[in-house]
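Okay, here we've got a single chain as structure tokens, the form predicted on its own, with questions on binding and movement later.
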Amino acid sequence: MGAAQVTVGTSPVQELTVVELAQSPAGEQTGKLLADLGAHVVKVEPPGGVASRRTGPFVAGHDDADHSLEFWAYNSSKDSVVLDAASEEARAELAAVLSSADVLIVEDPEWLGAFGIDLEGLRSARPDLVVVSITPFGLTGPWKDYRTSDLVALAAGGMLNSCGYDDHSIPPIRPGGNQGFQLGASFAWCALLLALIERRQTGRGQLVDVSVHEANAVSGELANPYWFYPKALVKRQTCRHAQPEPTQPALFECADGKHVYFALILSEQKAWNSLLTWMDDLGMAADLVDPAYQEVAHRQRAFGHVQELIEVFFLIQDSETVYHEGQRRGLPIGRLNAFEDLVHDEHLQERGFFLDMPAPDGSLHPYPGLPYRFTAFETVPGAPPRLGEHETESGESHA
């Protein structure tokens, strides 16, 4: 258990002290990004812990505050301090920690208010403090007091309409990974870095007001420009971008029952010829070697026939062979890993992406590391904290 270790160089955030009052992936991920890069992040928790500690699944079936994989995913490298807002001593402790903090991440102003602290008063007393507020709908507006969830964020922001399958008798499908909350964290992270750059130049902090809803509403990919300009509505498609009109399927089953993703754009002559040569080498090109198929228009008219031959071509090969051979031939093709297969992915292994993270009982578990690397410095994330593991300066964790 412990903070991230700066192993090479000097991290630009390692001197920062960050106070985090967050219970959803939006705020917790924002704090994690700072903590994993070496900042000292103090995670304030109520008695019993934040909500994410009670969210499963749990490591080895241990249904307690220290074994939640949800909590582990978003809280590496942080300190955990339990403070009860009803305790005068705890309120004084939080005020003391904030008096020397560089950044405050807060999701619920009422939680902060329960400690006797309001944002305006805090910013007046600490004009150099960067406050990052990450709320469902922002600090102002008619929806400012509404609550949200990842599903609500995706639906209200419009993203959900693009998520699902070709069969539109099935409702839209919420994607995994808390992506609605992750969008809020992404916007918060970018805005926070800009605020820190300005603080370094001017010495002044500022309030960064992030709305998870607005982050989703402006991230609709093709849906927004299609509506703004030709007034067209995109339609969700299985494993490919939502478009106003259907595009060719890109998911193919292989002989071993696994799938690959192959984005064949019929108008790309080089890719077509590479695929044709590959199929011909295995005696599977059939009539696609007819010179007529060198014309884009003919390929498009015969799209259904081309698709059927490609499906059979992949069905006679295992996914590993298809993946490597397709890559060797310069084709945009990738293997779809099941969750449990990710730790065995050769690219992620070569990158050293997964870490061995200790559980409270000392056992080690694979854990995703940093999604980026820097030439100027390197850090190794620390394990998520046990509930109330870290004491405040007074030597107590107030529950």
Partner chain sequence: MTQTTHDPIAPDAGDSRRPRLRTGPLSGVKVADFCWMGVGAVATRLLADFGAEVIKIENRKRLDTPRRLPIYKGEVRSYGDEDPNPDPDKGGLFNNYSRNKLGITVDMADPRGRELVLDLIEHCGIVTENFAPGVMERWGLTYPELRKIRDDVIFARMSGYGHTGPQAHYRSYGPVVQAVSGLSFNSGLPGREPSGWGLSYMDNQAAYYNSAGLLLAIYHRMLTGEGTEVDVSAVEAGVGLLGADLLDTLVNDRPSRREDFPRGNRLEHPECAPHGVYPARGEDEWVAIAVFTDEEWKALCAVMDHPAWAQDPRFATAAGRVAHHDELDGHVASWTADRDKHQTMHDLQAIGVIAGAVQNSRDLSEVDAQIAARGTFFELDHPVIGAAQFEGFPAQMSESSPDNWRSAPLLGEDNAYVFGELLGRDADTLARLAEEGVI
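None of the values given here were measured: they were computed from a predicted structure. Numbering follows the first chain given and starts at 1.
Absent from the display: the form predicted together with the partner chain. The rest refers to it.
Chemist: Answer with one of Ala217, Leu282, Leu315, Ala92: the residue that has a non-hydrogen atom within 4.5 Å of the partner chain in the predicted complex.
Modeler: The residue from Ala217, Leu282, Leu315, Ala92 that makes the contact is Ala217.
Chemist: Can you work out which of Ala114, Leu309, Leu151, Leu276 has a heavy atom no more than 4.5 Å from the partner chain in the predicted complex?
Modeler: Here the answer is residue option Leu151.
Chemist: Decide yes or no: are Ala223, Glu340 and Glu346 jointly within 4.5 Å of the partner chain in the predicted complex, with each residue judged by its heavy atoms?
Modeler: Affirmative, all three are within 4.5 Å.
Chemist: Looking at 283-291, 301-309, 186-194, 83-91, which stretch has residues with any non-hydrogen atom within 4.5 Å of the partner chain in the predicted complex?
Modeler: Checking each option against the 4.5 Å cut-off leaves 186-194.
Chemist: Heavy atom to heavy atom, is Ser211 within 4.5 Å of the partner chain in the predicted complex?
Modeler: Ser211 belongs to the contact set for the partner chain.
Chemist: Would Ala65 show up as a contact with the partner chain in the predicted complex if we use heavy atoms at 4.5 Å?
Modeler: Answer no; every heavy atom of Ala65 is more than 4.5 Å from the partner chain in the predicted complex.
Chemist: Using 4.5 Å between non-hydrogen atoms, is Ala96 touching the partner chain in the predicted complex?
Modeler: Ala96: no, not in contact with the partner chain in the predicted complex.
Chemist: Within 4.5 Å, heavy atoms only: does Val42 come near the partner chain in the predicted complex?
Modeler: Looking in the predicted complex, residue contacts with the partner chain do not include Val42, since no heavy atom lies within 4.5 Å.
Chemist: Where, within 360-385, is there a heavy atom within 4.5 Å of the partner chain in the predicted complex? Residue list please.
Modeler: Residues within 4.5 Å: His365, Pro366, Tyr367, Pro368, Leu370, Pro371, Tyr372, Arg373, Phe374, Thr375, Ala376, Phe377.
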